[in-house]
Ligand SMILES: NC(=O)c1ccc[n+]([C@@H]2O[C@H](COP(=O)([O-])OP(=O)(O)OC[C@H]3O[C@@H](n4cnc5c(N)ncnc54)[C@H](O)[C@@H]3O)[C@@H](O)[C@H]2O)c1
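Below you'll find only one chain, the form predicted on its own, shown as structure tokens.
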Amino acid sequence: MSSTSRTAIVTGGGQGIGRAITLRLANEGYNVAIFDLKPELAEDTAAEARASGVTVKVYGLDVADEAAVNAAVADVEEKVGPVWVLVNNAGWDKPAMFLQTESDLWDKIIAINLRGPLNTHKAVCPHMVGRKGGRVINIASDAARVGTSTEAVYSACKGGVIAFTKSMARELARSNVLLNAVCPGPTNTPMMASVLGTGEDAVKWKDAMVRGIPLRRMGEPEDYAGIVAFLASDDAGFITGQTISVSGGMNMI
């Protein structure tokens, strides 16, 4: 099966890493469904992706809303095409020292970063199993592998995503549904900008992060699109249950 007859779902595909993934998959010939909480941004990305001659459809939804995810996946299967690739990229965090946070913040972080991927797996993977083939790429974080100060709950969620990816990879291997996790390091994205803020302190934090990266730069969204496209492809047909860091060598584990 060529990529031109395949469909991908990218959550959080309107901006940042998700945008780069959407554009790369469209350029590879995939039809793309973007699931995004900000459909106006996603529409801009979709317009650019359609220049590759593929179908791109935007669904404005919260991945934490199971009913909305189920309805959107059903629509994608009917109107865009059979889903071959699911990329769980949507994420959110509000950094703070854990002991200074309350449970309403925990619940929001867990809902988006952990419950959201559970919802999409449950909606998409049965179709893949029925067709005996598919790829799931979960965007985790190196925060899950080493722990990050002020991101304890986020790190816990991403650690959960990695463990869930491995378990599902074992469960679905016989159906040729392959699941892998990609762990970005610090990256120039809108979410990172909101975390760092502006001014002198933001510059100092960014410089400190860069000093800890052997390649001496922050990641860019485009740095992750290639590994996602590879894992979605037939070339990765013997790779499943793996966790791959893309972080400029920051965490060599």
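Numbers follow the displayed sequence, beginning with 1. These numbers come from a predicted model, not from an experiment.
Beyond the structure shown, there is the form predicted together with the named molecule, which is absent from this document and is the topic of what follows.
Visitor: Please state whether every one of the three residues Y30, G134 and A181 places a non-hydrogen atom within 4.5 angstroms of the named molecule in the model of the complex.
Guide: Heavy-atom distance to the named molecule in the model of the complex: none of the three under 4.5 Å.
Visitor: If we take heavy atoms and a 4.5 Å cut-off, which stretch out of 165-173, 124-132, 88-96, 73-81 is in contact with the named molecule in the model of the complex?
Guide: Only one stretch passes the 4.5 Å heavy-atom test: 88-96.
Visitor: Check whether T240 has any heavy atom within 4.5 Å of a heavy atom of the named molecule in the model of the complex, and answer yes or no.
Guide: Heavy-atom contact with the named molecule at 4.5 Å: absent for T240.
Visitor: Answer for Q15 alone: is it within 4.5 Å of the named molecule in the model of the complex, judged on heavy atom distances?
Guide: Yes, Q15 lies within 4.5 Å of the named molecule in the model of the complex.
Visitor: Mark L114 yes when one of its heavy atoms lies within 4.5 Å of a heavy atom of the named molecule in the model of the complex, and no otherwise.
Guide: Looking in the model of the complex, residue contacts with the named molecule do not include L114, since no heavy atom lies within 4.5 Å.
Visitor: Is L41 near the named molecule? Define near as a heavy atom within 4.5 Å, in the model of the complex.
Guide: Output for L41 is yes: heavy atoms within 4.5 Å of the named molecule.
Visitor: Which residues within 221-253 place at least one heavy atom within 4.5 Å of the named molecule in the model of the complex?
Guide: Sequence-ordered list is empty.
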